[in-house]
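Read the single chain below, which is given as structure tokens and is the form predicted alone.
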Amino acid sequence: MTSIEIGLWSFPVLILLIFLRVPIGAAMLACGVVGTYLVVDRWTPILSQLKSVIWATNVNYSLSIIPLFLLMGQFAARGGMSQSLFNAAAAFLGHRKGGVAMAAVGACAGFGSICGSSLATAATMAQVALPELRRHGYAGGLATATLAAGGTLGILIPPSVVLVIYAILAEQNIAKLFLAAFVPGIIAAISYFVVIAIYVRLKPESAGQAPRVPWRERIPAIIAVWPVALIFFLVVGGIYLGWFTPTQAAAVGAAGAGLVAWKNGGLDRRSLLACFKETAVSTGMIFFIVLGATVFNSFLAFSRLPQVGAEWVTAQGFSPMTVLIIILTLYIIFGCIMDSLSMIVLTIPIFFPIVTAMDFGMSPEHFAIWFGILVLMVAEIGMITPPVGLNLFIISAMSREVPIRDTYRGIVPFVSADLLRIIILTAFPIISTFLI
């Protein structure tokens, strides 16, 4: 068996291991170690590589931003910020047809601005919004689909852990990627508003209406979300204004979220330790995934599969846009069985060299940022795409009275809006790059 064939066979083996519930980091590490041995036929290079790559992965200063963003999200969830965000959005939108669902999407967008995780945003906001959606007579499928789709805003609106990983892999500026993601993230939230508005007009029985909230109650609801606005300004605004580096901004955001959680009574000694524990577990998982992907991608380099693949694509004479569409389609498929972080660390070292060798009519930096935003958004579509979208399972696990088939039916309009948004962002790269 040639090295190219070994490289090709590694992918079905990897997918099989994932289906067998082997952790994605362990699956990539195992495939990388065994694959490298089959290619080089000795253990010495593998042992030498493991000795160096484990150290190099874990001392990477850029990765220190990840536990800080994760800790910020933990503090935000315990500090009652998700509830205040939903209350503020519901005060202005709840009396409209479909308004409570729109409020849930708006709250997801706000929480995503201080969380950075899709699954965490979906799970946190489901605890807050699901009871309200049930109380106001929303159909189960619409309620669960709204929260699954809204959860994807957790990493579309900066700061985003996945964008940090992409920036490291593609050697791009984190601050510019955050800035480039801002407008597409807002467009995503607005598109979900439109989907809900159309859905409830076509199926009026699927949604109830909350009573109109008087202005004397709306103003306090808006004031209550000042901590979220302040933390977002300190983190994202601090980076753009040059006050902090991204890592320093993440530390400031985590400290601010912790103080707010403590002030609101959501943080005591026990919950603080729980936040640290959850952050440590999530950080360890992410670092292990990065380590596994590093070893696996090193094996692919030994097999020369990426180089041969790039040469083959070039030889076929495909247009750059055709290659891009194929790659984005693959991300949608991968998203059905993998989380977005795993997809990024596994595929970027393979796909990025292929697309950067083509001429898309823009500077290398603008292209890398545009491609990163497209990949991020398409990867998130996979997380709400049946049959195995991870966000769908998170929400379904929290609303067992709603049949999963109803959630699948309810998510179709949101996926359609996502696909339309991807087409627009692909056709008009300026949407992602005009701010940088």
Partner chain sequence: ADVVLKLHHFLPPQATIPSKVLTPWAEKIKADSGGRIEVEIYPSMQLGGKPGELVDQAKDGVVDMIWTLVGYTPGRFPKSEAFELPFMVTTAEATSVAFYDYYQKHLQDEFKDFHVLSVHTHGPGLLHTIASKPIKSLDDMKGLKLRGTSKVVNQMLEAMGAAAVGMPVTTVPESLSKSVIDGTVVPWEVTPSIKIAELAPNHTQFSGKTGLYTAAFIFAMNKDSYEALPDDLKKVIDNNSGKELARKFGMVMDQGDVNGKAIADKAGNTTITLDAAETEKWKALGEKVTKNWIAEMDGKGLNGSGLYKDAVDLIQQNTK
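Remember, it's a predicted structure, so these values are computed and weren't measured experimentally. Residue numbers count along the first chain shown, from 1. For the two forms, the rigid core is made up of the largest set of C-alpha atoms that agree within 1.5 Å on superposition.
The same protein also has a form predicted in complex with the partner chain, omitted here; what follows describes it.
Screening 138, 351, 331, 302 for any heavy atom within 4.5 Å of the partner chain in the predicted bound form leaves a single hit, 302.
The listed set 245, 191, 264, 83 contains one residue whose heavy atoms approach the partner chain in the predicted bound form to within 4.5 Å, identified as 245. When contacts are judged by a 4.5 Å heavy atom cut-off, residue 175 counts as touching the partner chain in the predicted bound form.
Residue 298 belongs to the set of residues with a heavy atom inside 4.5 Å of the partner chain in the predicted bound form. Interface residue remark: residue 49 is counted as part of the site for the partner chain in the predicted bound form, having a heavy atom within 4.5 Å.
Contact check for residue 405: every heavy atom lies farther than 4.5 Å from the partner chain in the predicted bound form. Residues 7, 11 and 203 are none of them found to lie within 4.5 Å of the partner chain in the predicted bound form, as judged by heavy atom distances. Scanning 206-241 for heavy atoms within 4.5 Å of the partner chain in the predicted bound form gives 239, 240, 241 in sequence order.
Core-superposed comparison between this form and the one not shown: CA of residue 30 displaced by less than 2 Å. Relative to the superposed core, residue 56 undergoes a C-alpha shift of no less than 2 Å between this form and the one not shown.
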